[in-house]
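Below you'll find only one chain, the form predicted on its own, shown as structure tokens.
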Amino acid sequence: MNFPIESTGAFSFSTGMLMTFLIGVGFGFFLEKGGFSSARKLTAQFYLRDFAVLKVMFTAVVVAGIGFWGLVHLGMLDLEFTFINLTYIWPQIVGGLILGIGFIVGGYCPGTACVAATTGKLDALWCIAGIFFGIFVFSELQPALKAFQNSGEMGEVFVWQWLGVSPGIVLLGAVLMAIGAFSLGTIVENKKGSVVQPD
């Protein structure tokens, strides 16, 4: 079997959309079961009280990275059919900072806000409203921001290409960082006894 499956003609577009929907529902279900629809649980990360967000996100990055490059190495994933976001370093750094501030203030990222909204949490609905308001404001200001929006263009570039090393070195570094972060986070949680139960 080769990946991406849809690009190889293994199934139709409508089947691909159905699979996407089911995967999305499953992802939302496990986020909810993991307590990630709770703003208290999510924001505890920023107060260094509960490291569940770091552990889950870092695990996702490491597993996806190993799986992605493992399939490429085995010749089962064709990079020609894989979409890679173009890098515009300065606007992406600023965008990341804005997202982080919004996460701290609102208590949710866009994905967890949607999950929390399905459980009827009003703060999540307000957060989603704020996201749409931000999209509207950006769309109105976009002509004036176009020069900045396209600044720092680097094209389709991977971290390993930017550093001039092999993908395996970056993956090893990510794994070691994850192990260190998990260990330190667990030590802090045990010392403070501060793991937050989702509301």
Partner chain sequence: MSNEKPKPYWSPYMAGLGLGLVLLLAFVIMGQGLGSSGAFARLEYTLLHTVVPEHIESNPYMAHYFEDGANPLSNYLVFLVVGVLAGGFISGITANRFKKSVDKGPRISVKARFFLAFFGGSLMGFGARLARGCTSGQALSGGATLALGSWAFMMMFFAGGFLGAYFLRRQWL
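Positions refer to the first chain, counted from 1. Nothing here was measured: the structure is a model prediction, and the numbers come from that model.
Beyond what is shown, the protein has a form predicted together with its partner chain; the following relates to that form.
- Proximity of Thr20 to its partner chain in the model of the complex falls within the 4.5 Å heavy atom cutoff.
- For the chain shown alone, Gly120 is a contact residue for its partner chain in the model of the complex, at least one non-hydrogen atom being within 4.5 angstroms.
- Taking the partner from the other structure, its partner chain in the model of the complex has no heavy atom within 4.5 Å of any heavy atom of Leu176.
- Proximity of Gly75 to its partner chain in the model of the complex: non-hydrogen atoms within 4.5 Å are absent; the residue sits far from the partner.
- Heavy atoms closer than or equal to 4.5 Å to its partner chain in the model of the complex belong, across 22 to 47, to the residues Ile23, Gly24, Val25, Gly26, Phe27, Gly28, Phe29, Phe30, Leu31, Glu32, Lys33, Gly34, Gly35, Ser37, Ser38, Ala39, Arg40, Lys41, Thr43, Gln45, Phe46, Tyr47, ordered by sequence position.
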